[in-house]
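Next comes just one chain, in structure tokens: the form predicted alone.
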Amino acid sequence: MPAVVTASRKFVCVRPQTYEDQDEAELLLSLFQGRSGVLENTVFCVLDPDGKRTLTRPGRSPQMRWDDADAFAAWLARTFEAYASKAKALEALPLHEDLSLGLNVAACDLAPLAVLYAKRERDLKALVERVARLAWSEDHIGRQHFVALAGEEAHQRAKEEFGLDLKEGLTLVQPDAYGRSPRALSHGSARDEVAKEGDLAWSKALVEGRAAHAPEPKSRRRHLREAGRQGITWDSELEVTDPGEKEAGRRRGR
């Protein structure tokens, strides 16, 4: 495992979803403004645990601060020492805002998406809490994205818009290249939770689903060209302001 990945696990690593959330956009813009003076598509910074003090000079990427990954890893290891005595393990499950965004980001990352579904909110909460324990384990950490859905309306939308007939529990899916037509890879039933076997069933579903996950490698140029040919676009929640990305407020296929 690369040293920088090992070192980063002692930090809360957040992948910004630029232009998809107003609060996030305001935070990112408060951290970094390039020559354009507006929110750009990528922002990098390391903050202290209260999220208020910057530990590095904000920029577009770690490459603006360190010459290589090993130097970055060494800095992370040294910096963590000051906070080690009060550090606590993460417990919350990192979730995407909705199914559409989750599929889009998973497709972008060539990663599968774990869809957690329950008919009732209280059942979904219990499901999320138990799956969270798996998500941070060595076998599963960082290997899939997650989204949580509850209720008949969410079930119907998943079926009508994406062709997913969700069952209660955990379903691992593979998005197509543009995050529009997901394919179910594996499923762990919510009924297993009653028998206290849910953790094992969901872990097995994640492992088997990832083994079946086989996305095609992407070329950004070909990906965007094909999106243009098919008329595929992505409408962000916020206006795209990065001068290098802006195209009438739209990005094709991410």
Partner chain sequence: MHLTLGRSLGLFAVACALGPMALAVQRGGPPPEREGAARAERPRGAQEDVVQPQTEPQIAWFGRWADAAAEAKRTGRPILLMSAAPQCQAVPGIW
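Remember, it's a predicted structure, so these values are computed and weren't measured experimentally. Numbering follows the first chain given and starts at 1.
The discussion below concerns the form predicted in complex with the partner chain, not included here.
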| item | value |
| --- | --- |
| In the model of the complex, the one of 206, 43, 190, 185 near the partner chain [non-hydrogen atom within 4.5 angstroms] | 43 |
| Contact of residue 157 with the partner chain in the model of the complex (heavy atom, 4.5 Å) | no |
| 4.5 Å heavy atom contact, residue 153 to the partner chain in the model of the complex | no |
| is_contact(residue 201, the partner chain) in the model of the complex, heavy atom dist at most 4.5 Å | no |
| Residue 33, heavy atom within 4.5 angstroms of the partner chain in the model of the complex | no |
| Contacts with the partner chain in the model of the complex - residues in 217 to 232 whose heavy atoms fall within 4.5 Å | 217, 218, 219, 220, 221, 222, 223, 224, 227, 232 |
